[in-house]
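Only one chain is given next, in structure tokens, and it is the form predicted alone.
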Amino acid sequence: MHLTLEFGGGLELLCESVKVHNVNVDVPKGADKLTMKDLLAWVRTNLIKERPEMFMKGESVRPGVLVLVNDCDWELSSQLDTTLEEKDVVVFISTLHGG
């Protein structure tokens, strides 16, 4: 499944400073759909190059990371159970900044 992933607010530093990634993610074997939970596991394995603990806590994103799926806050859908579709755009933005 082709997806566009965008990282901002400093999270791009965990992905070799690349903000936009056009990726192809396979639906897990035995599943009929790709969920955000599946995508986060894929991101941790394939995109995060350093300090994955700054992006994820357990199976989800850390508190303070805003997740938008097609410009809609994932908290308004099903969060980890949100179903992704071909050509969806998923944005991860850190809302925590030093000062």
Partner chain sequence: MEADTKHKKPGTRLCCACNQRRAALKRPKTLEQICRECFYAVFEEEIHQVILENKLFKPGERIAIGASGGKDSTVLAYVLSELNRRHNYGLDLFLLSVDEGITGYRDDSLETVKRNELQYGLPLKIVSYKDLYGWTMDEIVKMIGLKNNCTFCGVFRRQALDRGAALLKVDKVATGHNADDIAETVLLNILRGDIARLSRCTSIITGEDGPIPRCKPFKYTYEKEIVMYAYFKKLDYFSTECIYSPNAYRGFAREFIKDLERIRPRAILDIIKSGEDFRIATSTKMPEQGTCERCGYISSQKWCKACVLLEGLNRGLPKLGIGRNQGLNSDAKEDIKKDGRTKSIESKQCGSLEF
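Because the structure is a prediction, the values reported are computed rather than measured. Residue numbers count along the first chain shown, from 1.
Another form exists, predicted together with its partner chain; not displayed. Remarks below refer to it.
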Worksheet item: Using a 4.5 Å heavy atom cut-off, are Gly9, Asp73 and Asp88 all in contact with its partner chain in the predicted bound form?
Response: yes
Worksheet item: Looking at Val27, Leu47, Leu66, Ala41, which has any heavy atom no more than 4.5 Å from its partner chain in the predicted bound form?
Response: Leu66
Fill in: 4.5 Å heavy atom contact, Lys37 to its partner chain in the predicted bound form
no
Worksheet item: Would Glu16 sit within 4.5 Å of its partner chain in the predicted bound form, counting heavy atoms only?
Response: no
Discussion item. Only counting heavy atoms and a 4.5 Å limit, does any residue of 17-55 reach its partner chain in the predicted bound form, and if so which ones?
Written reply: Met54
